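Coming up is one lone chain in structure tokens, specifically the form predicted on its own.
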């Protein structure tokens, strides 16, 4: 854990001196991005500060139930309002990303803003586009880092039902409910404190993992039965879904969440990839068990990145070419493993 104490004084000065704070998450926000943003929003708002939230695009369906989610402004929904919020902000805080490209269409407006900018993140290789960078790759989730920061800003533990729940969502989604990721004893101590404070573990788990549509379940069945391939001679497997597959199953944002992890349940498979055909590009998700770094692999082959065992990227060609490219690349990388 990074010694966040040295950042607390500066961050407190910035939040205290700013009359208008804007929290921003990354494009296609996941549970950690939204959980971190909501938790920080709940805390800062409790201190009387004016705080707004902005997401570059729409939230996934399984996150909409969270307390405060209705207050998140969507750039693509109302660009004029979003730009006005950006221009009025004296302090912009980036949560759960460390590259400006992760701002999507909102990138230019936000980066060109004269506001002081702060980055709070846990991914590797942060870009220097913020005035203050608080980065800790040892944290399993940005939500874990937010908890440390809030404890420092508050000069002691802070708790509310909405804050605790948001932190819990961030942590369990970025660890797959503790099936992967770099969680530590400190993570579990934080989780224990959240549960002791009243977080309904079963309720949150059900809302995140047991709240799917029939179409989503059938899409998962198709992925496993007809769209999964074991890369022979390697400990790798991949799943792919076409645009037609998504249309035929009434795809809603977030429906493929977790699909990339499924091949890792197969005996002998330690690297998994998911390829989803989008408009104009292929979205790539990567997961691994053990020492193989899918972050390095994503950087090298798919213009992406992330964590050692969880990363993503993009491929700008056909789905068939993406699959062939992955198979050739992973055979090259896993030779001898």
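On a predicted model such as this, the values are computed, not experimentally measured, just so you know. Positions refer to the first chain, counted from 1.
This protein has a second form, the form predicted in complex with a small molecule, left out of what is shown; the following refers to that one.
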Between the options 135, 184, 99, 197, which residue brings a heavy atom to within 4.5 Å of the small molecule in the model of the complex?
-> 99
Region of this chain that lies against the small molecule in the model of the complex, out of 36 to 44, 64 to 72, 264 to 272, 307 to 315 [heavy atom, 4.5 Å] = 307 to 315
Would residue 288 sit within 4.5 Å of the small molecule in the model of the complex, counting heavy atoms only?
-> no
Hey, in the model of the complex, is residue 49 touching the small molecule, heavy atoms inside 4.5 Å?
-> no
Is there a non-hydrogen atom of residue 123 within 4.5 angstroms of a non-hydrogen atom of the small molecule in the model of the complex?
-> yes
Quick one: is residue 300 in contact with the small molecule in the model of the complex, heavy atoms, 4.5 Å cut-off?
-> no
